[in-house]
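Before any questions on how it binds or moves, here is one chain, the form predicted on its own, in structure tokens.
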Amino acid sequence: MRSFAGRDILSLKDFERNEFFRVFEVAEQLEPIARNRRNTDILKEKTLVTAFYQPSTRTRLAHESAMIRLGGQVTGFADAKMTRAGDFYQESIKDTVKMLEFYGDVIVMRHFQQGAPAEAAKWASIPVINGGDGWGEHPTQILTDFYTVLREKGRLDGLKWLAVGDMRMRTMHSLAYGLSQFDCPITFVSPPDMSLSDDFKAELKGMSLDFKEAEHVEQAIAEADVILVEPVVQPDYTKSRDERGDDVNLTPANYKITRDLLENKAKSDAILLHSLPRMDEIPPDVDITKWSRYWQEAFNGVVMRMALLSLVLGKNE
């Protein structure tokens, strides 16, 4: 297995099956630190640089929390408009990253431009972690989801997935790439204008992913062991900021996971994931049901980033 030390985390297409389990192993080792709300000194001599060109709550703060839990330091920016990268100069990714690599030991980048973290990795002498790139990928989120399922179900292979939402989303891309390494059939449910593109389907067939599509969650939810939901009411991920207007639509019934649907159609031991934020696709009365795992998912997001940071900074071999 390849070493993670010094490695960029850009796409789940780069991961081999055994590498997923190595990350999960390290996450499980580090989980008690976060669960007991302790800090340690594993990364006491290291600094994380956050470069967030798009808004973020969970991804940015989970990385920062993970670094602090491991004893490291954090610097960076959460709004590119407050830097030369986003003001009059519109400094290039190359020039920005060539500066950032002197300020810390690892960079986590979120960008509205697909491929921006990969471009940053070309120029950086330190590891770059993709925190979400436009409509591209979101590898750390799906690693978090996989770890959540593994901890809840005790396995990944043999579980049937249902993914509901906008299939153009970066989380859906990383999900499909990641599942290609496991025996996990998946059904995708989305509005017609947000469905899997022909090119993406051809790519997934080439990766031997066992998938199908459905028009309504009721057509697939009864078989699902894992239900992963994302909004179909979406901002434009190609913009640095896309603020809500007055004409935001509600989620059509085909793509909502209600308490009634879960009680009458879903397996009693199915688990429901959502990376958040949500619109109305999962009503609040689902939160306290036996199916919901999105709060546990949020906790695991810190644990997963702890594992990735310790691995790429060479503290776990």
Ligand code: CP
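Every value quoted in this text rests on a predicted model; they were computed, and no experiment measured them. One rule holds for the numbers: they count along the sequence shown, beginning at 1.
We do not show the form predicted in complex with this ligand, though everything after this point is about it.
Asks: Which of Gln141, Thr148, Thr96, Ser190 has a heavy atom within 4.5 Å of this ligand in the predicted bound form?
Replies: If I apply the 4.5 Å criterion carefully, the residue I get is Gln141.
Asks: Can you pick the one in Leu262, Ile42, Leu276, Val26 that has a heavy atom within 4.5 Å of this ligand in the predicted bound form?
Replies: None of the other options qualify; the answer is Leu276.
Asks: Just one of 253-261, 283-291, 50-58, 30-38 has heavy atoms within 4.5 Å of this ligand in the predicted bound form; which?
Replies: Correct option: 50-58.
Asks: Give a yes/no on whether His111 approaches this ligand to within 4.5 Å in the predicted bound form, heavy atoms considered.
Replies: Residue-level check for His111: no, no contact with this ligand.
Asks: Taking heavy atoms and a 4.5 Å limit, what residues of 285-306 are near this ligand in the predicted bound form?
Replies: Not one residue comes within 4.5 Å of the partner.
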